[in-house]
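Read the single chain below, which is given as structure tokens and is the form predicted on its own.
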């Protein structure tokens, strides 16, 4: 498949399952009826994923619906109740369907999508991202602000493949401010931050929404019920920020 950086075009064809004789009523969504959404990611783009959010949802959180990966011709289909949505196409180099979109990944803009009876065509581009640090910690060797530590399991063994997520509110319910790369076999990490401050830390192996059954999850605390605050001064690396993760059951 040819590599490209100018973007891809997504063609959404919304095919109605039935015609409506009342033209004015077609403007009002019938949420009891499923409408088939068919389209193609060209030129073509295989294994891209169309994600659907309801209006007002967190566009970086759990999705309302997700189509199967596009086939070799870039084609997809999904059935949705009539309504108003936001659509986005993502293709991550790491093959995952969750997590931040980083340099080298494809992502379209967030496009309003009205699903109604009838047929609608929607074109958008999904350029390859270059140097996007909005949600990843800036791993700049010159930075002297941050923290380091190790992720272990209940038996004290290093845990590989877990990411550190950094929040600035104790509730830790909003999107993380910063996300690290995955830990290696030794479970060790270094998290570099653009500024000092008071942060709340967790470690998990998945992104998006609250931890689910089977996920690895752990918070930085010092024997307290609530997450412990980690105060980091500018130009200072805090060491020994160790977190134990457990599987959610």
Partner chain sequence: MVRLLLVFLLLLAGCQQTTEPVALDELAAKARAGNSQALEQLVAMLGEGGERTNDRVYALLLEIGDVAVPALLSAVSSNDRIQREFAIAALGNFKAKTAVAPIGVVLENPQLGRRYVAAWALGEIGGSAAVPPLVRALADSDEEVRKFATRSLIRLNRQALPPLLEFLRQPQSPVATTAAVRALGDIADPAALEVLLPLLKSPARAEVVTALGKLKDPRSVEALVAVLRDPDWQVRMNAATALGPIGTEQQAPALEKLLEDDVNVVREWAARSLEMMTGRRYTYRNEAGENVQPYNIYH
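Only a predicted model underlies this, so the values are computations on that prediction, with no experimental measurement involved. We call the rigid core the largest set of C-alpha positions that still match within 1.5 Å between the two forms. Positions refer to the first chain, counted from 1.
The form predicted together with the partner chain exists for this protein as well; it is not shown, and the discussion that follows is about that form.
In the predicted bound form, do 168, 226 and 244 all reach within 4.5 Å of the partner chain through at least one heavy atom apiece? Spot residues vs the partner chain: full contact, yes.
Considering the partner chain in the predicted bound form, find the one stretch among 102-110, 67-75, 155-163, 81-89 with heavy atoms no farther than 4.5 Å from it. That would be 155-163.
Contact test in the predicted bound form: residue 196 vs the partner chain, heavy atoms, 4.5 Å: Residue 196 belongs to the contact set for the partner chain.
Spell out, yes or no, whether the shortest heavy atom distance between residue 189 and the partner chain in the predicted bound form is within 4.5 Å. No - in the predicted bound form, heavy atoms of residue 189 and the partner chain never come within 4.5 Å of each other.
Is there a heavy atom of residue 47 lying 4.5 Å or less from a heavy atom of the partner chain in the predicted bound form? Close contact is absent here: in the predicted bound form, residue 47 is far from the partner chain, nothing within 4.5 Å, heavy atoms only.
So, in the predicted bound form, is residue 219 in contact with the partner chain at a 4.5 angstroms heavy atom limit? Contact check for residue 219: yes, within 4.5 Å of the partner chain in the predicted bound form.
Classify residue 198 as shifted (yes) or not shifted (no) between the shown form and the other one, where shifted means its C-alpha moves by 2 Å or more with the rigid core superposed. Residue 198: C-alpha displaced by less than 2 Å between the shown form and the other one.
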